[in-house]
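Next comes just one chain, in structure tokens: the form predicted alone.
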């Protein structure tokens, strides 16, 4: 019998909450999060709230994640987020290559270097890949995904026990309230898996694939596919504790 893999719920709060709001929500989620079961919840608050949210989550089963990190631990890099410091304040995960970061100029090379920096600091990278609406209309989805996955993982070496999470987030559905079709998602998952495996035994069985893009408590079950797709990134629906907890409960019912 194949061992059931852990399921992931990555709550990306983006830059949508103030400091007080972040702390209040973290406390509420912690209070209502009784038993995650197979699900591992990761809260990713804005950088200014990371340390204080981390203190709230300390001792609980809920993990802390950064929305972004830089590829150097220290130096003259004004405004950047040190992966070393992120780990020091309790982060165990880091979102890398989110489409909103790529839109601001983050390149595939940046993503690759950040993945390496995350692993060096014992952070689990959550690498986001996905096509724009124009690329989707021009039927370039497969080419874009293969390219992003390949360049993100190029020359990446994992130590014993380390892993990488690859999140498929089609840019054209993020925040739209309309998730991608289930059949399309399954096809993309297979492409991601095949691409990562083709890169060599170094990555085989050391990565997970999850989905992000207008996930809610109603559609979340569609994006958990056995041991192939094992989680979701939740944006707007992670800003309310009850909705986030309901997503966890629905995943655990699978």
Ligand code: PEP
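Please read all numbers here as calculations on a predicted model, not as lab measurements. Positions refer to the first chain, counted from 1.
This next part talks about the form predicted together with phosphoenolpyruvate, which is not shown.
Not displayed here, phosphoenolpyruvate is approached by residue 173 to within 4.5 Å at the level of heavy atoms in the model of the complex. When contacts are judged by a 4.5 Å heavy atom cut-off, residue 243 does not count as touching phosphoenolpyruvate in the model of the complex. Phosphoenolpyruvate in the model of the complex is not approached by residue 45, whose heavy atoms all lie more than 4.5 angstroms from it. Phosphoenolpyruvate in the model of the complex is not approached by residue 131, whose heavy atoms all lie more than 4.5 angstroms from it. Heavy atoms within 4.5 Å of phosphoenolpyruvate in the model of the complex belong, among the stretches 212 to 220, 52 to 60, 65 to 73, 188 to 196, to residues of 212 to 220.
Residues of 75 to 113 placing a heavy atom within 4.5 Å of phosphoenolpyruvate in the model of the complex, in sequence order: 98, 100.
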